[in-house]
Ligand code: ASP
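Taking the form predicted on its own, here's one chain by itself in structure tokens.
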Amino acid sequence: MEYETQKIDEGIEKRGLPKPLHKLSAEETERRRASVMIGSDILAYAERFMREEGFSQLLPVLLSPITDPLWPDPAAGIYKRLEFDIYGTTVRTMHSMIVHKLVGTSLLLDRFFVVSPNIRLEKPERASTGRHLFEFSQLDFEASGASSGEIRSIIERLLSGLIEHIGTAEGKRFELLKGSLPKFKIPFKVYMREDLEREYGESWEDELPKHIEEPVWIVDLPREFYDYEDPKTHRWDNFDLYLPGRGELVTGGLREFEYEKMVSKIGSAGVKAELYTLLLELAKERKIKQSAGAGIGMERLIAWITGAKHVGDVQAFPKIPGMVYEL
């Protein structure tokens, strides 16, 4: 164990990855404390904002037979999917609560949000990207009858109000971080995915953040079966929000709700339909309502606002791909 710990410490130091709490210097501890406290304020503001928008807060789901397939999303980089048996049933760690959101807005509440812990074992080579974690939280929300444009507007207003609030409330802590708040205007510019592919090629996700100075929306992204695809134009009514120098912060869109389209897309994607039996049964019975929603990566949001080099630097206990710290 001592040898393994030494190897981890050497890997952290060599690659410039976030240190565990007990390895921080006094100055580094002060900066970590400032980041975590600003993050606490960001989370509190976001929760207040969502309630004022008419969203009720639900508690998260950690284990379920059903979770986000993360396929065929090209941005997914899953190293291993965690599943195990409890009470004779196979369950999985939550990748995202998307299926629960579809069912929840159809059968329980029209508008709700969850601060949802997600476990996605990212590929170890993603440790040094500064953007990836294997355990993180999303501000996940969904609204029955909403459009993807309405969801984007909610997010723009949330980010705009959040920056203003943090600038007023967290000035002293920002002095410790020696950073400056992001500046932008809303509404954000909107780019078509196919236009970016023509300009930057297949690696547009990596290239785009190098060429923007404010957040931008990307729309029409071929993705999982639960995002809406227009049967006539074959365009996807969904979106990502990209940050300058950092990449994706938000994923969301309008949702599929028709049984036949879900079944067809699950089949063409090679996803196991038996994992989504309940959702498909509800859709077949026309109990699934159309909704729209999104998930905001909270560590990425906090890192962007505080200027942290790595998203693990805003976690009290970093969860870096390929690295298992003692806490």
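For every residue, the number given is its place in the sequence shown, counted from 1. The structure presented is a predicted model; accordingly, all values stated were derived computationally and were not measured.
Same protein, other form: the form predicted in complex with the ligand, not shown, and the subject of what follows.
Taking the partner from elsewhere, every residue among I98, D140 and G293 has a non-hydrogen atom within 4.5 angstroms of the ligand in the model of the complex. In the model of the complex, no heavy atom of P215 sits within 4.5 Å of the ligand. Residue contact check for Y226: one or more of its heavy atoms lie within 4.5 Å of the ligand in the model of the complex. A residue is said to contact a partner when one of its heavy atoms sits within 4.5 Å of a partner heavy atom; R152 fails this definition for the ligand in the model of the complex, lying far away. With a 4.5 Å cutoff on heavy atoms, D41 does not count as touching the ligand in the model of the complex; it lies far away. With the ligand omitted here, the record of contacts in the model of the complex names 294-302 of 256-264, 277-285, 28-36, 294-302, defined by a heavy atom within 4.5 Å. Shown here without the ligand, the chain has only R120 in 102-120 lying with a heavy atom within 4.5 Å of that partner in the model of the complex.
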